[in-house]
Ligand code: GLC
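Just the one chain here, the form predicted on its own, laid out as structure tokens.
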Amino acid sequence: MAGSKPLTKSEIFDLRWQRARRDLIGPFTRLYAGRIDPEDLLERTRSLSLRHWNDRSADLRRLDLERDLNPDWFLGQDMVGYVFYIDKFAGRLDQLPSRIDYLADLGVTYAHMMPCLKPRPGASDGGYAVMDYREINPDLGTMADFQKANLALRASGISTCIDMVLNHTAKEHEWAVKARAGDPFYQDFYRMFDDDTLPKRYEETLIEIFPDQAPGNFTYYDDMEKWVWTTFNEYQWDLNWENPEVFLAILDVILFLANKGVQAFRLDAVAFMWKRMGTGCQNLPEVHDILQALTQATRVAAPAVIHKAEAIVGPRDLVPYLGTGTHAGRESQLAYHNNLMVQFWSSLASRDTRLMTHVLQTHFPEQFRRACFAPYIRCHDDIGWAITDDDAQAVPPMSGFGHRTFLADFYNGSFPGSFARGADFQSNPETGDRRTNGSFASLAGLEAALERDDAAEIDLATRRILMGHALIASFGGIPLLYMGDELGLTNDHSFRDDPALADDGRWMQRPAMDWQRASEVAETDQPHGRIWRGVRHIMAVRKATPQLASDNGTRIVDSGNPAVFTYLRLGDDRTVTCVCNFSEHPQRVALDLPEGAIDLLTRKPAPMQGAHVLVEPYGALWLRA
């Protein structure tokens, strides 16, 4: 109406609250109706959100408005992620701004800073045992340094992501200290038991996450005369998410950090948050209600913020973390595509993509509502060979146990003819399962090839690395580059000389950034130059290809050639046919291509051999009219 006044800050908040209220009442009722009136919990959530909204800076409120008007901003083909440890990448937070040009040159728009909140002293599970959510690790800097770094990143068009550990806190956290001192309010923040009757019953169906270093899921404390649920390590106490006070406390922390400039939270260990007797206490339905409630409550006071679920689980359990059924479009906006990662390494070892095609075709929808995967090839963690017996049996004569054993042997380098240099992690003698450590480059064969100074093997390893990056850049979702992969950094064995790290083999794949190599990438023909220029080019082509945006579907197709993995990116105007050769030999594949199709990565006509497309060893093609 003519003469109407602009909406006030209060009116904007009220509109956002009404939007969120519809998506909060269901989860609150299902989760907490037995402990608190859902209407009371709604009012407390509103009050908490309003307090943080009033504290939010003008520049962040502007970003909120931009992303409210474009809620699918993170689904664009321009999104490229980069994951790094602050100390290994830049030293300290106050030095991080000087490295932003490197990220921008690579095309990065999303920067995940690995655990940076204050951890417990000593062993801290790589920073995932948080002692104080409101302070920065003093080894990295201060909260003021953190805010300045976020401002500098945001000025360069880069969104900041940090880890928010949801399943547990360090036993030194203020809540745990008060619980240990006997405060009943805070004892209810955790899963505590007066005797071991219930823990023993739970253990009957639980698995051990770190059987080598932390067997069992419960720890007894003499001073309290209580058992505490400790899924991961003795010093990490599981939170009791059946208590609505835990929800409010964690939301309070998330909004506090959002006001410091965080734009994405990697929600750690979400699969474990809810417990139920007689189950494995993973991936229970209540977890999805919690994630919907956190996501929708965050949108009230900080709609510029998105959440990424860290759920490293099997394919049937993974899909719901992006919202299905009543949670569609309401749960986490991002989730790791660990199954794509596992199938990449499986196909690379076997030179056979049939299992990859079956798993990704059978278990995953072509697209999600306002959500997408974050595909990656390697990360800071180990690789768990999440291959089910049922899926393996779909590719006879394969068996689940046999294939998992083959992959563990192949990537620790013991399988005859293996090109990999990795290591076993957390072997379970009862099940025979083993996980795997190793950097991208070392698992892909570059470390072994460089040791032998074998030019042909160096070339093949480089091709494997670039093909993997082409896969995650085109598959759909925000591709995540792990620091140093763009330079082909190999395993770092120096962790064995540090007593604080020596018992955790995952530090093998966490090398420090090599800035000398980074300074050479534009000119050198050494592998690090080839890989960096190749990755940069792949990401640039991705950004220029609207069909690769994450709100376009991904359809897996069987090409008929088991060495080749093929998928379609279903743009509204045109389709991009993506092809990856998982063998060291040229492959031919019959594809239904439009006349005049070109390979977007080379800008050359589709390479044809008669009626077939020819794919180079470990080659990748993005074919479009």
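Please read these numbers as outputs of a predicted model, since none were measured by experiment. Position 1 is the first residue in the sequence shown; the rest follow in order.
Separately, the form predicted in complex with the ligand exists; it is not shown, and the next lines address it.
Contact check for His168: a heavy atom falls within 4.5 Å of the ligand in the predicted bound form.
A residue is said to contact a partner when one of its heavy atoms sits within 4.5 Å of a partner heavy atom; Phe210 meets this definition for the ligand in the predicted bound form. In the predicted bound form, the ligand lies farther than 4.5 Å from every heavy atom of Phe84.
The ligand is not drawn, but in the predicted bound form it has no heavy atom within 4.5 Å of Glu486.
Between the ligand and the residues Thr353, Ser474, Gln236, Ser442, the one pair within 4.5 Å by heavy atoms in the predicted bound form involves Gln236. Screening Asp78, Asp145, Asp381, Asp433 for any heavy atom within 4.5 Å of the ligand in the predicted bound form leaves a single hit, Asp381.
Using a 4.5 Å heavy atom cutoff, none of Asp132, Glu174 and Phe189 lies near the ligand in the predicted bound form. The stretch from 181 to 189, 120 to 128, 403 to 411, 197 to 205 that comes within 4.5 Å of the ligand in the predicted bound form, counting heavy atoms only, is 120 to 128. If you take 251 to 270 and check each residue for a heavy atom within 4.5 Å of the ligand in the predicted bound form, you get Arg266, Asp268, Ala269, in sequence order.
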